[in-house]
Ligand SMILES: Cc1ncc(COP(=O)(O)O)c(C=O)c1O
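Starting off, we have a lone chain in the form predicted on its own, written out as structure tokens.
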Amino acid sequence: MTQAIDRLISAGQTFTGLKCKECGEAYELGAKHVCEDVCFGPLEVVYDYDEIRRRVTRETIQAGPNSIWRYRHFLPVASEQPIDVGTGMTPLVQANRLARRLGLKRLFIKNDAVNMPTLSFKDRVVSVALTRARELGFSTVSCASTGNLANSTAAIAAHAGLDCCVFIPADLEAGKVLGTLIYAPTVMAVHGNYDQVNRLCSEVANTHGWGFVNINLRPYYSEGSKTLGYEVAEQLGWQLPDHIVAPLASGSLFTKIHKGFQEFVKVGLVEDKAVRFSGAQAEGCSPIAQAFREGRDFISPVKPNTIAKSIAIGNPADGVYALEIARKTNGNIESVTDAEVIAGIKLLAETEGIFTETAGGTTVAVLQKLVEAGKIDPEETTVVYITGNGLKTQEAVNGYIGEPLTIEPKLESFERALERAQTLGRLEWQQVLV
């Protein structure tokens, strides 16, 4: 085993194997995601951090591509030519107007609503997963998805020339269905929620031998989320924030941002500091928030019932690990109603000009809730992760954002409409003050 690892390192690889997150059992670098030999715990990628430290500096990172692949040595791919569609290095926006509205002094939005190519953070994980799938010899790739992952898998598979078949719940938002079909994959719309779709996909993966990005390729796929941690640290001037707020679905994103920060500390790219981790869920699917609130160390599955479909996972695979991180970092996990989700979408749009989908609305609403409860220090450098674009979930805000003023092509018609609009605006502002 040691000789095999030495060969990998000499060939340029910095990842050396898989191991069980629960019992530590070691596995070779294949398409495997659970500890089949011992405890059925999840597998994760093992790296040689001494080798990464020898290879990587701030300068080598900054000299790399303007994408997630500037961090290639931290990612589980062997290829010198990974699938690069410009994913990553999304804006870190200093949100001054939103900060003033909430009473914060230093607030940033990590805006993956403009990520490439499909406007969500899923482009990060899929770029890594499909690069690894190609290295492992898969010609057909697939996923179980609440929408964003299907968009990304179909798009990047098309770019890479891989066959693609994706599975989604049949009641998905129209924008996300269209945003998958345009890339010409096979789309299976399943009568059931995400957890039922995922169970079906596990059976398909076992019988057809396809590369499912979030099943048999999951150890590699999930590592792509670490880049959201790397980028924030780099964009803050090679410093860690004080507090982050991120959406929780499976819990994987949350845990990988934490891992990304820790890896940068481990190899000496940033100084260590305490970063508080807070998570956001919608009340209609909040198994992790419920466990946090009740002080439990286990997750009780729920049946999703929320407009926030992209984070509606009733049985989150990494939920217990998200709980651990929130607790050990002195963070929080909160949930908000669907009405608060819509208000969060509107608040971010009105203050910062960022149109987010329901997951982002959930995160902004939880941010506001935590501030109002005194759980975020106004002096902290706080980063909020916005993971998807509002154009994908327009149904969520239909009927809540007003209508255009229809006028005749005459000045007097415009003046009457303008007065009406200004009157309505003054009334709305008076209601806010009350």
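What you see is a predicted model; the values in this text were computed from it and never measured. In case it trips you up, residue 1 is the first one in the sequence shown, and so on.
Omitted from view is the form predicted in complex with the named molecule, to which the following refers.
Colleague: Could you tell me which one of Gly344, Gly211, Pro76, Pro247 places a heavy atom within 4.5 Å of the named molecule in the model of the complex?
Modeller: Here the answer is residue option Pro247.
Colleague: Let me know the one among Thr362, Asn148, Ser142, Ser127 whose heavy atoms come within 4.5 Å of the named molecule in the model of the complex, would you?
Modeller: Contact with the named molecule in the model of the complex is made by Asn148 alone.
Colleague: Work out which of the listed stretches, 329 to 337, 114 to 122, 155 to 163, 200 to 208, brings a heavy atom within 4.5 angstroms of the named molecule in the model of the complex.
Modeller: Of the options, only 114 to 122 has residues within 4.5 Å of the partner.
Colleague: Are any of the heavy atoms in Ser252 no more than 4.5 Å from a heavy atom of the named molecule in the model of the complex?
Modeller: Yes, contact at 4.5 Å.
Colleague: Check whether Ile311 has any heavy atom within 4.5 Å of a heavy atom of the named molecule in the model of the complex, and answer yes or no.
Modeller: Yes, Ile311 lies within 4.5 Å of the named molecule in the model of the complex.
Colleague: Determine whether any heavy atom of Thr382 comes within 4.5 Å of a heavy atom of the named molecule in the model of the complex, and answer yes or no.
Modeller: No, Thr382 stays farther than 4.5 Å from the named molecule in the model of the complex.
Colleague: Let me know which residues along 286 to 305 have a heavy atom within 4.5 Å of the named molecule in the model of the complex, or say none if there are none.
Modeller: Nothing in this stretch is in contact.
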